[in-house]
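A single chain, nothing else alongside it, follows as structure tokens in the form predicted on its own.
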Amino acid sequence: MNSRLAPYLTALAVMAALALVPPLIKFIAPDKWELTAHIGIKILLNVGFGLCLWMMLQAGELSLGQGGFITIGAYTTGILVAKYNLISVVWLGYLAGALAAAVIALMLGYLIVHLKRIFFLLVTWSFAEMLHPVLTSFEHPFGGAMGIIDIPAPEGLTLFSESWTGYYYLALIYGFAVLWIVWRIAGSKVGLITKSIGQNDTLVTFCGLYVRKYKVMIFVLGCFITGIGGGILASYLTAISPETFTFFTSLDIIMFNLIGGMGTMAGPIVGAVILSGLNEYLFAAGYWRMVVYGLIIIFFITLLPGGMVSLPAALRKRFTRKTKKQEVGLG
């Protein structure tokens, strides 16, 4: 098999296997499918969000404001297709939400991409946090504290007997489309340049490349794709409010990369699967959730900085070291 085709064929095989999950669950345990679909939709959307941040991390952009761009995509879609009915096609609402997120990301990114990691993180966090009082304060166009209701499903999902089955396949397509886009960019010339910028932007500047252009480009693209996911999430929930998108929305996306591992593209995928499943049990914990998050962060930063994807290599290294010590002791 051609080594270039192997990753694509593997991804297609995984996608085909996930596409068979709905009929399989319906056949084995039909009463469990709605819950399984809900978890699957969250995981697949979170995979997309995590990969967008991973792409930005390659350029040295540690954003704690991605929840804000999910909010922008969701609210733009809700305003246009539900509150004021300005767009009758929900798919166009998704596109409008993504464009709104991209335009705001362009304006914000041009001002802040020169900042180093901690300062970039603080500014993006501040941006996301300031959206909450704005959305709560204005009845028009944001719906105030009550938010926006009756957000319709996109055209075509009525083909499925249950809406959650249609949304599962939509989230599956979104997750794998983001994977393909990020994959292609990572292996391209632009990907190599952004990775170099993330490692040493000063050296890249001395090579004659306009660093700000590439950093803004990656930031805008990541927020555009995130905005599409926000629109999908809004129509899936059918109603959104300022409380739908909290600090945890942005924190979770960073946690996907931290838990899975920031070094490889598989990291945010693994992290999204683990944390999305864990969040189903932590939802009722309220702010005790922060205690669990704190313990997770301490554990991975101190004991497993490479994330879960580095665990096999870490165990192998530990086992090899232990074997060598035993051999030396026997000698």
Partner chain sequence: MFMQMAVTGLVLGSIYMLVASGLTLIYGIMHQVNMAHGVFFMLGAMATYYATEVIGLPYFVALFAVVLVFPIIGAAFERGIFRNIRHIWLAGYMATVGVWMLMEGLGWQVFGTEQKAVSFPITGLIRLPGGAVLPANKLWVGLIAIAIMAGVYYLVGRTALGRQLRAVEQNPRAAELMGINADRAMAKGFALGVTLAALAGGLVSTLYSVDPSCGSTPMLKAFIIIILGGLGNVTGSVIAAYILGFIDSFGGSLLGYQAGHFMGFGLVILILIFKPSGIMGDE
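Positions refer to the first chain, counted from 1. Predicted model, so just to flag it, every value in this text is computed and none were measured.
As for the form predicted in complex with its partner chain, it is not shown, yet the points below apply to it.
- The listed set Thr244, Thr165, Thr136, Thr238 contains one residue whose heavy atoms approach its partner chain in the predicted complex to within 4.5 Å, identified as Thr136.
- A heavy atom within 4.5 Å of its partner chain in the predicted complex is found for one listed residue only; from Ala82, Ala171, Ala100, Leu258, this is Leu258.
- Per the 4.5 Å heavy atom criterion, its partner chain in the predicted complex is contacted by stretch 298-306, the sole one of 22-30, 274-282, 298-306, 44-52.
- By the criterion of a heavy atom within 4.5 Å, Val90 is excluded from the residues contacting its partner chain in the predicted complex.
- The shortest heavy atom separation between Phe127 and its partner chain in the predicted complex is within 4.5 Å.
- Its partner chain is not drawn, but in the predicted complex it has no heavy atom within 4.5 Å of Met146.
- Within this chain, Phe248 lines the site of its partner chain in the predicted complex, having a heavy atom no more than 4.5 Å away.
- Along 107-143, residues Leu111, Ile112, His114, Leu115, Arg117, Ile118, Phe119, Leu121, Leu122, Val123, Trp125, Ser126, Phe127, Glu129, Met130, His132, Pro133, Val134, Thr136, Ser137 each place a heavy atom within 4.5 Å of its partner chain in the predicted complex.
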